[in-house]
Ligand code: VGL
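Only one chain is included here, represented as structure tokens and corresponding to the form predicted on its own.
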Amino acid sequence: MTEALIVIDVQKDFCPGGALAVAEGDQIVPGINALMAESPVVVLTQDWHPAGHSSFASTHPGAEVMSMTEMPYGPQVLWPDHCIQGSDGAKFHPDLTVDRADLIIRKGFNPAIDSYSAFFENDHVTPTGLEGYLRSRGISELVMVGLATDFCVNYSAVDAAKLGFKVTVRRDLCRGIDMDGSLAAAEIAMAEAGVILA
């Protein structure tokens, strides 16, 4: 039992009809459910922002959604308001087998900093606690699926590889936003970090 499945941000706001919808984001749910059924350890991540989060365009007067700004920790995309704590959009996709999860990691709850990765906030320093959980369970290999390939999956996979985990990303069970070539760039970054793209 050295392998864990990490299911990233399969939430209503990232699926068609949601505030930050990823095209075909809902189509990966049946395949993820099937994979969860055969995985010894399952971890779900959940984007979990307070209202007025600093990564929302609405908190920056005059800023366009999907424009870039500079934060103390580096460049930041300004997103539409999404995955607000307790909101319907923050809930997992209704067809996702949530009860199969051993652990749910909530991220992005610090109002001053965004958190794409399942392992670190966007300062690349502040941990979420996931690494310690996996190490304490003796897990060394990770399979990652979910949304979106070029943001939260990418950051999670690269961080996990840097931490020394063997990481496989199932591209068939991910979907990307692909903003200005971000999907191709993410796949290059993952490959360069040693992530297996399956």
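No experiment lies behind these values; they were computed from the predicted model shown. The numbering used is simple: start at 1 and walk along the sequence shown.
The same protein also exists as the form predicted together with the named molecule; that form is not shown, yet it is the one meant from here on.
Position in contact with the named molecule when the complex is considered in the predicted complex, options Ile32, Leu44, Ala157, Ala148, heavy atoms within 4.5 Å: Exactly one residue meets the criterion: Ala148.
In the predicted complex, do Phe14, Trp79 and His82 all reach within 4.5 Å of the named molecule through at least one heavy atom apiece? All of them do, each having a heavy atom within 4.5 Å of the partner.
Is there any non-hydrogen atom of Phe120 lying within 4.5 Å of the named molecule in the predicted complex? No, Phe120 sits far enough from the named molecule in the predicted complex that none of its heavy atoms falls within 4.5 Å.
Flag Ala186 as yes or no: does it have a non-hydrogen atom within 4.5 angstroms of any non-hydrogen atom of the named molecule in the predicted complex? Contact check for Ala186: no, nothing within 4.5 Å of the named molecule in the predicted complex.
Val167 within 4.5 Å of the named molecule in the predicted complex, heavy atoms: Taking the distances in the predicted complex, the answer for Val167 is no, it never comes within 4.5 Å of the named molecule.
When the contact criterion is heavy atoms within 4.5 Å, does Leu20 count as touching the named molecule in the predicted complex? Taking the distances in the predicted complex, the answer for Leu20 is yes, it comes within 4.5 Å of the named molecule.
Location of the named molecule contact in the predicted complex, chosen stretch of 140 to 148, 23 to 31, 126 to 134, 158 to 166 [non-hydrogen atom, 4.5 Å]: So the stretch in question is 140 to 148.
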